[in-house]
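Have a look below at one chain only, the form predicted on its own, in structure tokens format.
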């Protein structure tokens, strides 16, 4: 059976400025000094229009190619794009009003309460979105008495929801003794489900598929959905599928830190290759925990807080259609348990070994997609330019193999790499934001192939000091003339 293909992609951004305070880093800093930190955060938040006009966000949803960023004046946040659209060929940027309504639509346990005045406004906002206008939004319309919301916040540990500087609702816990079902964790999980469902809805729309034509769903979001007896048990795949009407699909969650999307795509390809399922959707929702992660660096530099969006992504893996780019299953690069943990050994495992299998040189890959974190987010916070570092390392490996001269590294980076443009949400920037652009370029004959490389830090869980990584090559379909 031929190698499977990635037929369609979707990418969404959900603007969530009023959720920045609930990101892991901001929440800890606010707890230490609420009178100073919270006003500082609020004064550096962007409007939805500013988030839409931000060039990296336009790249993410497909309105610009990543290489266009090389020609744009920096800082990008200081040079908004005129006429920027919230909609792109891969998905959309969703405003927070619609996000709040969609979050309530995703709520099956009455966890989200909206006040009576605000609920119809949010419901109306979502109805204006053509993807959701036919949805049953009655449970969004049904608002709650403000007194009951205030009582839940004051006495039951509920987290307030904000809009235009005022409390408009809350998310409450679902078990008094279970910390895995407290309000903050449930808010994280609900936002992952909501943004994942938005990405899957766009995927179905882009692929012109009915929801019941999906056979299997793999969720690669980072949230550990479960309870005190089974932390991380999962279920987001089926929850997202249910919300999108995929009644004939089953599925499960894939957990692998930042490498999750590549592992999920690999699993999807294997399921299709084995003939078990025909159409597998890989979906990942955004990470609330990582909102505002670098906010202190941004505020100290007088910048807007750029980590104010939840990312979402989805991919459709199917059997070979003779046209779409194929996943070369003989090109899988992996970081084995016995591999070294140095940056060079990791890159050798993920880049050189799979290329050696195919008899290719480093320079024979048209584009490499590594972790695509936006440098305007990471550099001011002291985390460096992650994509640039990775591309220079790949170039250095080419020099060691005498496939490239040292003085050619900068040109190699420009030709075979790209500027980072993705939200810094762990699994979201893990190479796959370039998949849509790569598929389009390969179909048009502008590229022959692209390699996707993701790495993960297993030591974050305090169970092992090992690192992790995976890579694969996407290549022009040999069935296309």
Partner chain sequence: MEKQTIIKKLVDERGVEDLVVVIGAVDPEVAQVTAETVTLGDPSFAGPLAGVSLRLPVYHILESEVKNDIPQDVYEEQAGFMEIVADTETISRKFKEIREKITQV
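Residue numbers count along the first chain shown, from 1. Keep in mind it's a predicted model, so treat the numbers as computed, not measured.
The discussion below concerns the form predicted together with the partner chain, not included here.
Only one of 111, 207, 243, 396 gets a heavy atom within 4.5 Å of the partner chain in the predicted bound form. Which one? The option sitting close enough to the partner is 396.
Considering non-hydrogen atoms and a 4.5 Å limit, which listed residue (382, 275, 83, 338) is close to the partner chain in the predicted bound form? Contact with the partner chain in the predicted bound form is made by 382 alone.
Tell me which stretch of 84 to 92, 286 to 294, 126 to 134, 400 to 408 has a heavy atom within 4.5 angstroms of the partner chain in the predicted bound form. In the other structure, the partner sits against 400 to 408.
Can you work out whether residue 74 and the partner chain are in contact in the predicted bound form, taking contact to mean some heavy atom pair no more than 4.5 Å apart? Residue-level check for residue 74: no, no contact with the partner chain.
I'd like to check something about residue 389: if you look in the predicted bound form, is any of its heavy atoms closer than or equal to 4.5 Å to a heavy atom of the partner chain? Heavy-atom contact with the partner chain at 4.5 Å: present for residue 389.
is_contact(residue 344, the partner chain) in the predicted bound form, heavy atom dist at most 4.5 Å: Yes, residue 344 is a contact residue.
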